[in-house]
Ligand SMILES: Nc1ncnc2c1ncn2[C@@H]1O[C@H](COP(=O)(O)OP(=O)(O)OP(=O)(O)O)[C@@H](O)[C@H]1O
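Quick heads-up: it's one chain on its own, the form predicted on its own, in structure tokens.
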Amino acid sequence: MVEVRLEKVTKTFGKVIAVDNASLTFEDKKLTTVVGPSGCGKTTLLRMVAGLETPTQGSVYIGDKLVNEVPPWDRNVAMVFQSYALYPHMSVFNNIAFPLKARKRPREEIKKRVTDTAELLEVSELLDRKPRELSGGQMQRIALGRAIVRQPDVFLMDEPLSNLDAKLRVYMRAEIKKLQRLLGVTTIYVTHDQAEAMTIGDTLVVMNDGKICCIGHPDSVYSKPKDTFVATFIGSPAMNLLEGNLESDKGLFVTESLKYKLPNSMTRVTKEKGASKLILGIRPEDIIVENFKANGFVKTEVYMIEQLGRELLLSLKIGQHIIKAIAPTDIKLEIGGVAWMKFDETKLHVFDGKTDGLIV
């Protein structure tokens, strides 16, 4: 087993805390995605595993070995960069072979491992070309090949697809996931793209301001976000958040523009937690929209309509609130007109207005 473990790891640059007391385990043979906004510390965390940065405090383990003082070349990890980092004067063959030549492996072994890796990545016909003769997707495959040929214990990937166009990025993330499962190598994949993190990872780690916000299966992080930051960062369009107060005797969630009767189970749990200032959360796809009045629906003004191909993204106005909702394209609505909406009560979230933490 080759799991990667961080224990109370902190990294500072002067007065800046890049990673703050992070403890987590990257499971053996699993692909773990680390996602968060720019500057949250995710790349610094990856670089500490690689040995390119030394923790200010805490411990980094690869397998059972403490590697804080082990140089990068002795960690048996392979890193794939955003910029591909290919040598422009070398052929594709020599780019892939470079880690093996650096380790002075026998010529026949180098030839076989490069050939096998090229076949795996379906780039055998490119081995005589130079990087300038390759497309972005081909260059990314060569960068992956250079990592694979080393047969490392751990793959480290730092936003490897961010330079590709949207269509190729979707294709390549499926290829990376397929390769990782085929090779069974522990993989840490850093990205700022939450959709990419959700689709590619076995486990999802969300970071913000140098801290680990949550760790879990992508589905559970999405369906039961730990706090309002995770709720709005994971998912696109973002979750709607409405701030208000609980009138516990009536079970009403009240804002300046809206009174909403919470389900009895939610009211009970909220009262048990002693919370009165609340944040109500609902994802746009969990709002039902009609163009006629119906039982239990709330009247809104259509503020904006955005065409998303197979569906519409609506901005619905209630007083000072703008609520995003997803609707089918065949609904007949006009900007400035009236729409009626209803929350799917099974998909509601209630957060504590003081701590931002999930209540129920």
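Each residue number is its position in the shown sequence, starting from 1. Please read these numbers as outputs of a predicted model, since none were measured by experiment.
Missing here is the form predicted together with the ligand; even so, the following discussion is about that form.
Each of Phe13, Pro37 and Thr43 places at least one heavy atom within 4.5 Å of the ligand in the model of the complex. Of the listed positions (Asp227, Asp153, Glu159, Asp286), a single one reaches within 4.5 angstroms of the ligand by any non-hydrogen atom in the model of the complex, namely Glu159. For the options Ala18, Ala22, Met341, Leu348, the residue carrying a heavy atom within 4.5 angstroms of the ligand in the model of the complex is Ala18.
Looking at 315 to 323, 288 to 296, 43 to 51, 329 to 337, the stretch with residues near the ligand in the model of the complex, meaning non-hydrogen atoms within 4.5 angstroms, turns out to be 43 to 51.
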